[in-house]
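Before any questions on binding or motion, here is one chain by itself as structure tokens, the form predicted on its own.
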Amino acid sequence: MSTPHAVPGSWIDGAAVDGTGPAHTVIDPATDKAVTTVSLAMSADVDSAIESARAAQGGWGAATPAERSEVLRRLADVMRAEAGALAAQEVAQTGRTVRLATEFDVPGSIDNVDFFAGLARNFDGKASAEYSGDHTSSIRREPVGVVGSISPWNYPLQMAVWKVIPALAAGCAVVLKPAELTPLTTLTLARLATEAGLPDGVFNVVVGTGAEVGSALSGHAGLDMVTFTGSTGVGRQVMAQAARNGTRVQLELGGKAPFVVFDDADLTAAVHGAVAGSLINAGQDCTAATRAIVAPALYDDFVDGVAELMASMTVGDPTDPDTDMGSLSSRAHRDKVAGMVDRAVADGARLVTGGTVVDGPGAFYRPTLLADVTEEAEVYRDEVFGPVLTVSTFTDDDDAIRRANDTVYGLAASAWTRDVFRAQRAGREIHAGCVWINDHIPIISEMPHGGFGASGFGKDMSAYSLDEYLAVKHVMSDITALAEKPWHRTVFAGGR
């Protein structure tokens, strides 16, 4: 077998740069074959990238909103021209289906760039006015500065876009560390941004391990902000490292989304929603439906319907447009998922369908439904991050809401009902950053993504995410021209 072509593992100051660390092989998890090798970055490369970003920050931050908008608009255009190549890279490095890459990942990422190209020219703020009566107060919204970002392996292109593009729209320079398992579309994004006219040094990429590059980045004194998407455990480490320098932090972490089906729900819709919401990206999605909590009257029919639909899924070659679900990210991750399912069955959960690996090459695992799962079970409480849905029941509406909220996570949830009052109650009382009604998983650029509790804080996407990268400054100007201000009486006894 021929050796795959090696690519530089960093993009610094507008150019591809070899990392100073060892070579790392990027594996296609659907075939176990090498895609390419990447020269990994080390902490010294992080220093170089941050130095480049700091040098570029002033100019990019001083650019007009229209100038920044135009660069992002051109980036969206060049991404459209390269959409096929981006999708092919995404499939090769993740094992996801070509349908998901071409119909969701790539167009969704381009739409996000388009959205922020417009938002770059539309900063909101309180109106300038004489709130004190003798001063004019105005609000400035200025770039936070240099941002260090860490993105995960499950949606490499989209997560890079979610992290980088609002920061660029706000006028920040960025150093991004993608997961070393899936770095290719992130490196391509950086190259395309330079082709679109982004000044050198404004967007830098360093591909390396979390222990080496992730730690060096999140704990670096040269950053003004750190953003991270990934597991809750690693997110807490990132926050601790950033805290040493008092660095601003935004975190989007794990989830354990409830899928609450009330007794008046459209059963067919709920079944289809549960399968689609739990199996998107082979379940490797922090908002995926993971805990179906179903009314007793619908429980058996729901379990049967989900099991039948799951069993009909085509699992296999992700490059085949007819494939419904591709592989997991790696054999190691597949084995972790399989271990959690095996322990759940040993502890009394009922395996309705799936629960087995697929013979042959690749990290494939069959869509899995576990019924009669208790609230104490590991598979119910901890993030599986695989194609696994658990089902349990509830006694009444109060119990359904309680069960939905019985988790440390709070990223996403859904409620299925024809009753408008039940729907409104679910939207109010389920503790999650997004609550879908009669659907589960859709996202749009105009609306925020982010959670509560162990799911982190701050927002990606939407105008709310732009706020993460902007510092609010109050400028207060005297309009009286008086040398002796009325408030000076609080300091000078008898006047001066």
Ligand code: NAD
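Source: prediction; values computed, not measured. Residue positions are given as counts along the sequence shown, with the first one as 1.
Omitted here: the form predicted together with the named molecule. The next part is about that form.
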State yes or no: in the predicted bound form, is some non-hydrogen atom of R96 no more than 4.5 angstroms from a non-hydrogen atom of the named molecule? no
With a 4.5 Å heavy atom cut-off, would you call F259 a contact of the named molecule in the predicted bound form? no
Is the gap between Y365 and the named molecule in the predicted bound form 4.5 Å or less for some heavy atom pair? no
Could you tell me if G214 has a non-hydrogen atom within 4.5 Å of the named molecule in the predicted bound form? yes
Looking at 186-194, 341-349, 127-135, 250-258, which one sits within 4.5 Å of the named molecule in the predicted bound form if you count heavy atoms only? 250-258
For this chain shown on its own, do N112, L157 and V164 all sit within 4.5 Å of the named molecule in the predicted bound form, going by heavy atoms? no
Have a look at F228, W416, F116, F203 for me and say which one sits with a heavy atom within 4.5 Å of the named molecule in the predicted bound form. F228
Heavy atom within 4.5 Å of the named molecule in the predicted bound form, from candidates C172, I293, V275, A179, belongs to A179
Residues of stretch 52-70 in contact with the named molecule in the predicted bound form (4.5 Å, non-hydrogen atom): none
